[in-house]
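Here you get one chain, nothing else, as structure tokens; it is the form predicted on its own.
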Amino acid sequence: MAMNAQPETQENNSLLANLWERAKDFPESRLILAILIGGALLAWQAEVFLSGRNLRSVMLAISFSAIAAMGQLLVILTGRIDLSTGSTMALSGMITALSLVAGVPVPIAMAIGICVGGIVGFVNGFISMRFGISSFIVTLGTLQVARGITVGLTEGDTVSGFADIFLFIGSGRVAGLPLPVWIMLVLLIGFTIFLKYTATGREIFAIGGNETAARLAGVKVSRLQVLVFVIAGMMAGLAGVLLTARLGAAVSNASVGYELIVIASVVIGGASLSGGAGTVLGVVLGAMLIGIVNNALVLLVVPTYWQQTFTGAVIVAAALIDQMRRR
């Protein structure tokens, strides 16, 4: 009996080793495994996790950070970073809310909010590239500027009283899923096609891999850098508009700390902070993993301050994982 068990154990270990090796060809599989294990453990501790209402709530929360993270991915792929994401989301949401209250039609008000995000992104990219200032410093400054403008526009007051169609965009369901989740899925497909099958997408990877070589190869590095910051700003703007629609109100302190969640989603999803490596699917899965853990902390009644501690720990862990992966 013991002699038969030993070969069987060795065979099982060999099978697991083969599966792990094959997972290297599809790095996202490890994230999927982590999500499944985390979900199973949470369902074991809190049965309400698997309820339709809770799962929809989790997916809805994930969609906002994932949408913003897709734009952040483009910036990180080029070896830069954008710290102004959360403030851009708040500013775009506030401008949209003020436009709606002023009587602007919903589609135009949303477009204005998204364009405001694009303007913040343009400022980030232009200053960084034109004057050779680190994107870390530039976006750290615009983080404060955008937040200050958001507070100043209403002196800290909340703006509400929106049309039902706008509220539906934030939380209405289509085929059982919240509309922002569908928007996230469409963007997932669109960004994947953009990065894998277009010349501009390949140039973005080239800049992150070796900016000097890309410049010598004829890539218009400065122009493309500004473009990725504009796209990142617009994605943050879209996320902010959707979050405002979800909350049914625009508040000046909305999206505080979102930049940390967004950056962590990108790095946990497999993107390198040094640029040149990352996938859109990995970003969405990274956001999903963080969303599930945050939901676990809520369901297990963990105090808010410990949730903030976890977010900070995730950032440090993501940086360590990135360094280990590069080595």
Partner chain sequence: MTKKTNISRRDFLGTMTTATVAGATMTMWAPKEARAAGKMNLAFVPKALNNPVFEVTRWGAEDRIAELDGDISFRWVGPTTTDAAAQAQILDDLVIQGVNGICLSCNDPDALIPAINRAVMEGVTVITWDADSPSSKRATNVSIDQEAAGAEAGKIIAQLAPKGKLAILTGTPGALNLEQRVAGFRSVVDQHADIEVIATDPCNDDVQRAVEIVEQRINATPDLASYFFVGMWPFFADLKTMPQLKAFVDRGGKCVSLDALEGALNAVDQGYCNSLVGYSWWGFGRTAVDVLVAKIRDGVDPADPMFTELFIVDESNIAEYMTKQAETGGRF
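Keep in mind that what you see is a predicted model, and the values were worked out from it rather than measured. Numbering follows the first chain given and starts at 1.
The same protein has a further form, the form predicted together with the partner chain, not shown here; the description that follows concerns it.
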{"query": "Any non-hydrogen atom of Ser57 within 4.5 angstroms of the partner chain in the predicted bound form", "finding": "yes"}
{"query": "The partner chain contact in the predicted bound form: Ile37, any heavy atom under 4.5 Å", "finding": "no"}
{"query": "Contact flag, Gly248 vs the partner chain in the predicted bound form, heavy atom cut 4.5 Å", "finding": "yes"}
{"query": "4.5 angstroms heavy atom contact with the partner chain in the predicted bound form for Ile32", "finding": "no"}
{"query": "The partner chain in the predicted bound form: contacting segment from 279-287, 256-264, 37-45, 66-74, heavy atom within 4.5 Å", "finding": "256-264"}
{"query": "Heavy atom distance at most 4.5 Å to the partner chain in the predicted bound form, all of Val151, Leu167 and Tyr305", "finding": "yes"}
{"query": "Proximity to the partner chain in the predicted bound form, single hit among Pro107, Gly103, Gly156, Gly218 (heavy atom within 4.5 Å)", "finding": "Gly156"}
{"query": "Interface residue in the predicted bound form among Ser135, Ser99, Ser252, Thr142, criterion: non-hydrogen atom within 4.5 angstroms of the partner chain", "finding": "Ser252"}
{"query": "Residues in 285-309 with any heavy atom within 4.5 Å of the partner chain in the predicted bound form", "finding": "Asn294, Asn295, Leu297, Val298, Leu299, Val301, Thr304, Tyr305, Gln307"}
